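Starting off, we have a lone chain in the form predicted on its own, written out as structure tokens.
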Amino acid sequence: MRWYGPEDQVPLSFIRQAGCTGVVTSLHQIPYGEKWSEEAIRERQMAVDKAGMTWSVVESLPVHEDIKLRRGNYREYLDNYKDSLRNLGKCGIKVVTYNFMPVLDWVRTDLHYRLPDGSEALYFNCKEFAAFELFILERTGAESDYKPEEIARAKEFFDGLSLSQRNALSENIINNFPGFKGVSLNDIRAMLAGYKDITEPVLRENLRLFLEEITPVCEEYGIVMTIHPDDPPRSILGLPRIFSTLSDIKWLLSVNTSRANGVCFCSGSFSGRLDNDILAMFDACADRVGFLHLRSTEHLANGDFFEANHLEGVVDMYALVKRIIEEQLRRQVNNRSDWKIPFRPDHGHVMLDDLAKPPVANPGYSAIGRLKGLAELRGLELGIMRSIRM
């Protein structure tokens, strides 16, 4: 399970009680672009070891916006990134997750969407997001991304919001990322301006060059970089998104064939668009998957989606876990040291006693909902493994 460090409201003791042997964490206290020292890494590593688990995966080692843009201080930040990788390698941490999403990472409009059973999920509402970028952020050129009737619905919704509701919607969208909190609308506007001339081909090339730079370091220390998909897997705020589809997977693996260039296969993120064939996408990168996020989404006819229970929604989780186990067995036969692919239940509903507690600082990461998902996925995994080996 993911742990956000000493300030996380879910302590390591709870994660161990959930049955986890490994922890996914990051040094969120270090600003984007700064180097991770070996001392800071070992301090976090020892805290996890003391709790009876191991630090299995870094999630994430953030890529500074200057690197994505290849402008400003990008060379300094690249050098810091490579030094951070060296220090992680010295500490024996071999899987590092990152993303190449411009400006914002994952985006939701409602962090407490009430489901029929009373639990709460993360929700993406198309009308509310349109209202945000058209009438709150006032993004230049946003009108061209919407049909007139969509703009009218967004305006009607916006007009019905109080000032506090408008502020809450903005906070839901722009202020939920560890290590990147406290940003303002003006900060987002300034960052968007920096991407004015960054097209999809340019961003792809910048990713290719980033991988070209760091691959020799990763190969020297046996590190696998695993890129996280765009979430949602489509353009937002007029920005290019380049890891959303099957063709994006094929492109990534073709431009850098090193085993150090891997995939964090997040079934939930990829399932954010209904034309994605999740099983075909896994098959396309199975040999290079270094980390797994398992969850699913439920979609409405109007384009909205919310995070479903882990075994429900549009992802055929049985079929996906079966493919994962088959890939692990292939690796085991071939004596690959990475045959055990680390996975975690991604996000989780707020439910039971957690509903009465203050909201967690990192939406999606309350304790009980993730425990439920983990239990379901481990049971599914065990059943499939037993059936394969009979």
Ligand code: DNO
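All residue numbers are counted from 1 along the displayed sequence. Worth saying up front: this structure is predicted, and the values here are computed from it rather than measured.
If you look for the form predicted together with ligand DNO, you will not find it shown, but the lines that follow are about it.
Although the partner is absent here, Asn172 lies well away from ligand DNO in the predicted complex, with no heavy atom inside 4.5 Å.
Although the partner is absent here, Tyr113 sits far enough away that none of its heavy atoms falls within 4.5 Å of ligand DNO in the predicted complex.
Using a 4.5 angstroms threshold between heavy atoms, Leu85 stays clear of ligand DNO in the predicted complex. Remark: His310 does not count among the residues lining ligand DNO in the predicted complex, judged by a heavy atom distance of 4.5 Å or less.
For the residues Tyr74, Phe210, Phe158, Tyr98, the 4.5 Å heavy atom test against ligand DNO in the predicted complex is passed only by Tyr98. This chain is drawn without ligand DNO; in the predicted complex, the residue among Arg139, His228, Lys127, His299 with a heavy atom within 4.5 Å of it is His228.
The stretch from 349 to 357, 327 to 335, 56 to 64, 42 to 50 that comes within 4.5 Å of ligand DNO in the predicted complex, counting heavy atoms only, is 56 to 64.
Of the residues in 363 to 388, only Tyr365 comes within 4.5 Å of ligand DNO in the predicted complex through at least one heavy atom.
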